[in-house]
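Just one chain is shown here, as structure tokens, and it is the form predicted alone.
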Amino acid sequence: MSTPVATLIRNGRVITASDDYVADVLLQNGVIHTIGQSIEVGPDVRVVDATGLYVLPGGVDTHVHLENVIGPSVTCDTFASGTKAAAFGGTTTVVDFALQTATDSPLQAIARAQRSAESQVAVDYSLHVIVTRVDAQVLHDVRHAMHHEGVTSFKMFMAYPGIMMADDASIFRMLRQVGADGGMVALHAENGTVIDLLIQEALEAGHTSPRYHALTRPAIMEGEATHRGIRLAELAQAPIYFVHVSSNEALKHIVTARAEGIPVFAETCPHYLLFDDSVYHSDDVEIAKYVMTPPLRTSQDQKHLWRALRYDDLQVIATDHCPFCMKEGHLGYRMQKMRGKDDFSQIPNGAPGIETRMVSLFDIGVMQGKLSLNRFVELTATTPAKLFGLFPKKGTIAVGSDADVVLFDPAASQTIHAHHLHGNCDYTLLEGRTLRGRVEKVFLRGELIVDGPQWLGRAGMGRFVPRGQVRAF
């Protein structure tokens, strides 16, 4: 059977960041061609009845780690498995990380990541560059990347001294140049040197179990680094973006700065909204699955995060999908979570979440009255696309935008099990949890890639998306 030249999605409820209406949506030549009532089409157009379904823009996840090397460990999702999982979860664009090593440049990092991704990705993708060293040549390469490679965002770490951490002067130099050129620096904000001291003291006292990961990364050290990053950005007269905000200690500085008119933006992640630090209740090695950075915080912190999401002090919900297996050797992966069973500092930090982001947020946000449908779309698709130069190509349903469309059934329920998911990780934090909502169909540039449980996509069909300037302020 020949592939239809176009698809008409009929009678669905179209939800964008600002609109909510029932209409027909015609997907043609990879883009959204027409939105209207009772659109007439020829016999060669596939017609999908979306009565009772939400028609959502494909999700945009601007914080994922696929094939990322962290010390001796590598995340267990490849570009192939991770982007397939993203698609089943209703995400059609991801932004991953190209790591500048000690010996190479941002441009080499971009080329290396693209070589690995090109033949594997099943959804569209872009890249941030993790900058670990700043000098005149690096700044030159950063400018070239922005103007010629379509990479306009750069991540820097205030944590992990000797591995990833950049000093304040390096962060300031990057902020000043990238901001002037219309891009964004994203910061991992924790006071790395003090945290390292706390880790060493805990180990010397014989505290080796996984829960000490959280106890040695106190929220006040996230708050201190966030405040410092804001002041550096203010001096540089540049926008700044904070990744994975977990605590009110960090959030209060963001709220204050935004009230002062400083262009500060930030994300949180589903796990900070779904779980709190009560999971760190024992010395059980299973707690390693909750070892992520920053760690889970208190239920009070969680309340502050929800408030910030409602009032736009947090603008994005990304996953920080950074999966490591609990079982050593699963699918051949070594040096995973059990690497640190006798020393919490050796546990690779991170958790999976790329496939469950949309449905978990629908369940705990929309269904519980904490987020409107429009805000749900804004947080998971539209604002991340705007902040990182992907809008209006991505992140909305509008004539001329890419035909990245999700049909979502709000009335369905599903129970989450790791063995039903499509990534390589052997666990999910949501194991056994029943959630309202289900992704029914996913279109990437007009091509049906997910049809219920059926996978119609293919490795390599995703494209690299060059990005433009920040569009959110």
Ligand code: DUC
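Note that the coordinates shown come from a computational prediction; the quantities given were computed from them, not determined experimentally. Start at 1 and count along the sequence shown; that's the residue number.
Beyond what is shown, the protein has a form predicted in complex with the named molecule; the following relates to that form.
Chemist: Even though the named molecule is not shown here, does Tyr160 get within 4.5 Å of it in the model of the complex, heavy atoms only?
Modeler: The answer is yes: Tyr160 has a heavy atom within 4.5 Å of the named molecule.
Chemist: Please run the contact check for Val31 against the named molecule in the model of the complex: heavy atoms, 4.5 angstroms, yes or no?
Modeler: No, no contact at 4.5 Å.
Chemist: Quick one: is Arg445 in contact with the named molecule in the model of the complex, heavy atoms, 4.5 Å cut-off?
Modeler: Answer no; every heavy atom of Arg445 is more than 4.5 Å from the named molecule in the model of the complex.
Chemist: Is there a heavy atom of His63 no more than 4.5 Å from a heavy atom of the named molecule in the model of the complex?
Modeler: It does: once the named molecule is placed as it appears in the model of the complex, His63 has a heavy atom within 4.5 Å of it.
Chemist: The chain here is shown without the named molecule. Which stretch in 422 to 430, 406 to 414, 64 to 72, 50 to 58 comes within 4.5 angstroms of it in the model of the complex, by heavy atom distance?
Modeler: This holds for exactly one stretch, 64 to 72.
Chemist: Counting only non-hydrogen atoms and a 4.5 Å threshold, tell me whether His188, Cys322 and Asn349 all contact the named molecule in the model of the complex.
Modeler: Heavy-atom distance to the named molecule in the model of the complex: all three under 4.5 Å.
Chemist: Report the residue, out of Gln177, Thr293, Thr78, Asn248, that has at least one non-hydrogen atom within 4.5 angstroms of the named molecule in the model of the complex.
Modeler: It is Thr293 that has a heavy atom within 4.5 Å of the partner.
Chemist: I need to confirm a contact call. Of Arg297, Lys289, His244, Lys393, which residue comes within 4.5 Å of the named molecule in the model of the complex, counting heavy atoms only?
Modeler: None of the others qualify; the residue that does is His244.
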